[in-house]
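Just the one chain here, the form predicted alone, laid out as structure tokens.
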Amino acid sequence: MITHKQFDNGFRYIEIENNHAKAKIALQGAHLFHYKVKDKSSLLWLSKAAYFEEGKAIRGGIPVCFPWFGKNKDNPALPQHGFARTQLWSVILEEEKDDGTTHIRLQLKPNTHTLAQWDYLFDVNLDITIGQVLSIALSVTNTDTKPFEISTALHTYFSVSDIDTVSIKGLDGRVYYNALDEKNHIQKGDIFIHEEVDRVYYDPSERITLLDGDAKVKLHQEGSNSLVVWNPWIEKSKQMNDMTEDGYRSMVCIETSNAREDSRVLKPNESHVLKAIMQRV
């Protein structure tokens, strides 16, 4: 079942329920902010203080970062992570498939607001498939007459029982850029989080495993040669109006991305697809 709903303030979203799972997608940002397979706990984390307001990004779920990730390198005054997550997207496909999954496609095209920040023509689609497995694919096509560079991410917030019990497998021996000291390092063993973490891993394994005590999440990525791992920890959480002080304890971001040196240049009529497939097992 696919139902279009809105909050009391008019903020619109799609609610999905099928034989496998439930999900909610905000039209602003094409933002999947809830996904739960039946008989399992929620895969995605959502801040208890998240905004569902026009023009404000949602803290949690899977924000779409486009056309840049992090700060714009030419104009740091522009919005963090680009404009896609605060733009209203159009729903162009709703499909309930024979296998019981649900497929939603949302689209973003240029408008006066986007052109004022980034003077290029583009066609962006986000395909979300809701089932026992969650699949999300960001497809960017250059419809301009000149090439452009994109740095994108599917900024996934995973829900965990307690950050002290979490480890991440699949990045041993990989080089990563640490945004906290602005240096490159080499990962030794699994990742454990006991402090603020803000890293871009290069050449990650296509398959990453998030371990949370006895629970496990599998992440597979395509079209990506970088992976972001982020947890704001104590002090930064206190500075965020849309995050509770202890919010950092129940989340970790593992973000399928084209970040930093993994940015992509698209020629006219060229496309790129960034895809993440994830499942709680």
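Don't overthink the numbering: it's just position in the shown sequence, from 1. Keep in mind that what you see is a predicted model, and the values were worked out from it rather than measured.
A second form of this protein, the form predicted together with a small molecule, is not displayed here; the remarks below concern that form.
Going by heavy atom distances of 4.5 angstroms or less, which of W230, F52, W233, W45 would be at the interface with the small molecule in the predicted bound form?
Residue within 4.5 Å of the partner: W230.
Heavy atom to heavy atom, is F69 within 4.5 Å of the small molecule in the predicted bound form?
Contact with the small molecule, yes.
Given that the small molecule is not shown alongside this chain, does H31 nevertheless sit within 4.5 Å of it in the predicted bound form, heavy atom to heavy atom?
So H31 does not count as contacting the small molecule.
Exercise: D144 in contact with the small molecule in the predicted bound form, heavy atom 4.5 Å:
Contact check for D144: no, nothing within 4.5 Å of the small molecule in the predicted bound form.
Is there a heavy atom of F158 lying 4.5 Å or less from a heavy atom of the small molecule in the predicted bound form?
Because no heavy atom of F158 falls inside 4.5 Å of the small molecule in the predicted bound form, the answer is no.
Every residue of R59, Q80 and E255 near the small molecule in the predicted bound form, heavy atom within 4.5 Å
Every residue of the spot touches the small molecule in the predicted bound form.
Looking at 130 to 138, 168 to 176, 116 to 124, 81 to 89, which lies within 4.5 angstroms of the small molecule in the predicted bound form, counting heavy atoms?
Stretch 81 to 89 is the one.
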